[in-house]
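First come two forms of one protein chain, each written alone as structure tokens, so that there is a structure 1 and a structure 2.
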Structure 1
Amino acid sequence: MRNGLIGTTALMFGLLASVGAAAAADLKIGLSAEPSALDPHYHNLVPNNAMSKHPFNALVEQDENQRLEPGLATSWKALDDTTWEFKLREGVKFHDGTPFTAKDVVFSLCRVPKVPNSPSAFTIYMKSVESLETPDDHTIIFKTATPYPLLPTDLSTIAVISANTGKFSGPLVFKKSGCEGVESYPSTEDFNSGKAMNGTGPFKFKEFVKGDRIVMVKNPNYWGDKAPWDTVTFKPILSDGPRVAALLAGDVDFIENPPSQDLPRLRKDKSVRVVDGLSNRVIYVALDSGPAPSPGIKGTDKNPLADPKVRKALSLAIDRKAIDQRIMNTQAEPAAQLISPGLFGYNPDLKVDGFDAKKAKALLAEAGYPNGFEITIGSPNDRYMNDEKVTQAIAQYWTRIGVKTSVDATTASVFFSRRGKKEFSAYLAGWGAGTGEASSPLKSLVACRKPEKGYGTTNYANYCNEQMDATLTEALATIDDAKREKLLQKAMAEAMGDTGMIPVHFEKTPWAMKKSLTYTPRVDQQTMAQEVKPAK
């Protein structure tokens, strides 16, 4: 009897186990861009960064609104203006079972500048770190040269890899000029082959077939919320039409970036769910406000764009609501500033320029251009959602107030090179606030071009507002979050006050999936398998 009971129980467990295996949850995701490597320190670009968050964690994580939350560090605080203390999570294990300690963090930070031939290095996020100490296995003290409030944000971009993947010749010591005690770091190739894919993240590496698929399996010992998927397959399907078709055909369960013209159809489809959410990407028009002559302007020997009134007129001439309704299929939100609502430093007092052609004309006349002038606006035609169509609409709005506008749209690679040579008097482009707060666009897009400070890197429009620069510089040296947010809001108001550039709209990022799934939209436009959930 006793034996029989055990036998029955064993049988039942066996059945349960086999049912469990049959119901193994698999997820197939169609990606719109392929990561260039699985090495998390190799290429600082969205597709790579999103992928590396599956097998790896950082000290600090960003939630769906890019607000910081604890990752491998449970807490952090500034001890004084240039000293930060990070407390590390205890009991975390790497995929190979070894425990996570401060040494892994130091090793990861040491490797960042040592990745050969990185096309876009992560060193920009380590510039502020002057030195660091590890008083015990679960505490790290960072020292910065100057007050630097964005240290936790910067550290949220650097994946922590296992120190076991390296070879050591002595004790590991962090030095800004190059760490001591390391004989060799794992190579990018080691990550692509899976050899060095030893992280702490919710998924373990299984397979990487370049151009075809990346396969990961659940990490059963994950320290955080465990993902509802046993196996996740990422398939890069770079063309829009085929990616949508793959979803409809059931070859994948979930796709990112369905093209906006297909959204009305997908929303009507009963077997498909579409979710969308505001992104951190602003689409803007930059106006050359430098001295005359400006390359794309005719009909006057001055540069009319140097006058803030003209810039304001050009902003008022645009009907942002119509662009959202007619061109963007409601995938846009009219913008009055350079970061979207909800992000750190968003200024709620700034109001969207309403469509007012009459006032625009009056401002032009006031500035001395009652008959307008001629201008060419540049635009990429394959980089942002409907970029060329939006530019054409803007050109028509401007022409309506007497500024005869022609469009010069080219493929992104050509557009960015020409923009770099300052060939445009006006151009449409986009900016995603990578840090999730206002200093990112302010520093890169509208600050005066000062290469030594890293200001104005993407300011190809000669805009310069010393007052704004001063406010921004103060903000970037203010550790206190509340004070810094106020300063950033002030800087944003200053840059928008004389229309340093024209914000057009924020893109909404869509995702499409089977009806049985849901996804919480992310401001950073990243697709994360652990956030794809079965619908209730």
Structure 2
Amino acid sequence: MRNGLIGTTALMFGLLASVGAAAAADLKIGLSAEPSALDPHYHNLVPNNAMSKHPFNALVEQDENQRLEPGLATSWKALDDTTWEFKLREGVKFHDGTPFTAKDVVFSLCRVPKVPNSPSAFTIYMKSVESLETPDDHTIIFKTATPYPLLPTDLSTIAVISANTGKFSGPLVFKKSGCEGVESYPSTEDFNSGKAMNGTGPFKFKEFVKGDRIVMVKNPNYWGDKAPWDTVTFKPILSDGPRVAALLAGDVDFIENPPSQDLPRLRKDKSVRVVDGLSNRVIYVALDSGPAPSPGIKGTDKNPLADPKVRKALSLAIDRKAIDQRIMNTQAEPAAQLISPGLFGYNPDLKVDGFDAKKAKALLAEAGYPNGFEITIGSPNDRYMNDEKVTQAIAQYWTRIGVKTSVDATTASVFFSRRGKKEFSAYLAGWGAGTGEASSPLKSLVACRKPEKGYGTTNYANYCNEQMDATLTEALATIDDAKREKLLQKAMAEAMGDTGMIPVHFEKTPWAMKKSLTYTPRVDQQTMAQEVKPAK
């Protein structure tokens, strides 16, 4: 009888163990692009920014429509035109159990300018900050040199890391020229190895195997809504076909950016759910408008792209509607500017350049290039939706008007490195307005490159329009929302007026998942495991 009881007890424990295992909520996500690093201050890029929001928080957060909401700061207000007060959330702890205080915010802001070799720096979001004061552990006073209404928006882009990841030689004092009291900051490799992955976010770091997986586990002490998943495994599956195959085979539960050509089939599959929405990402072509020589141009000793007529001709040569229909499978909306409809500063008066090869040829002739010239256009081949295919189509359109065009497409990591070295005369890339308004692309992509102002941090095409810069600067110092929006619209018109950059289209971002899951599309295109929910 005793043996029977033992056997029954063992069976019960076995059943309980299997129930416990079944109850474990694990989520596997197939990523279309791998973050270049886990360092939240290293690279201002959507895959990096999205990943950082799992282990880290910012003072201010953005919802799926990029509306601001409290994060590590519970409230903020302008005390006067150049002074802002932020009240910090109390009772928050980092993953190692240490309490979150104002010192961690100051340390994070001190580190941003010190990150070496950043391909696209976050310093653009800090240039307005002149000084910081911390009256107590849960209050920070920001001082700006001029009125700056976008401070809360800018701070929503900067992750707060633990001051315990640094070394100090004295009291920490924020200085615009370089903070005092800091002996060393964590390196990018410290984040990749997990050593510095100490945040306040909903997930804790567990493992990073580059090219294979990033694993995070639920933070049981998270201050906000608890994530529905105990473990999340992010698997970079950069090729479209294998990513879709992984979902259909059950190897992953959720994928981002299913290829547009597969969407009709996926929508018919009763085991799959597809959601999509218009994003804030503009796909654009940047043109080197600086002095000759330009690295990818042949057939002339001048730089044709320095002439606005040539830039306009290249824009008119692109059939955006055909690209949407034939390459993007209607997952794009032709663009006339650098932010999508609905975002703050969108200019409704700007119209998409219609396809007009005849006028394009005439403009080339007026500019002194009746027989065209040769150019190479650079492009990533694994970063944006159908990026290489779109670039190839643009190359064909340009060739048809006499500008013989070849394509140099590489993986995103190689492309961004070469772009940073200004190896391209023209290149296709994308930009998502991280702040949800027009100053984001204007300040980063087309403003004259002025590092001391945080202007042109991702302007690798030598474009400079001092009038646009002046309008943008005025907008960034205007507290009144209505007046600021009109100034941003004016600045956008000035940049687009001489084709400082060629906007091609805005992406419509799709996600595909098991039918048992749901997800609300995000304008910023970011995939958030904490927002993937079991379907009701």
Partner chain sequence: MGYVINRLLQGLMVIAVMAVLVFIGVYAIGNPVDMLISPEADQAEIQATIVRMGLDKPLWEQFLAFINGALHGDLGTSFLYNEPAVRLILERFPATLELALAAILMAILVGIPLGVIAGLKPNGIVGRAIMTISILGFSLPTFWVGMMLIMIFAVNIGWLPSTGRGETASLFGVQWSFLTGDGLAHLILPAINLALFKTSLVIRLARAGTREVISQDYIKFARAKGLSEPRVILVHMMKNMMIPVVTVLGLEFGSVVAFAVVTETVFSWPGIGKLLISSIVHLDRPVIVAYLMLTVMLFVTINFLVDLIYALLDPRVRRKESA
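The first residue in the sequence of structure 1 is number 1, and each one after it adds one. Computed from a prediction, not measured in an experiment: that's the story for all the values here.
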query: Chain form predicted alone, by structure number; finding: 2
query: Motion between structures 1 and 2 between rigid parts - which of 439, 509, 496, 86 is the hinge; finding: 509
query: Swing of the smaller rigid portion against the larger one between structures 1 and 2, to the nearest whole degree; finding: 29
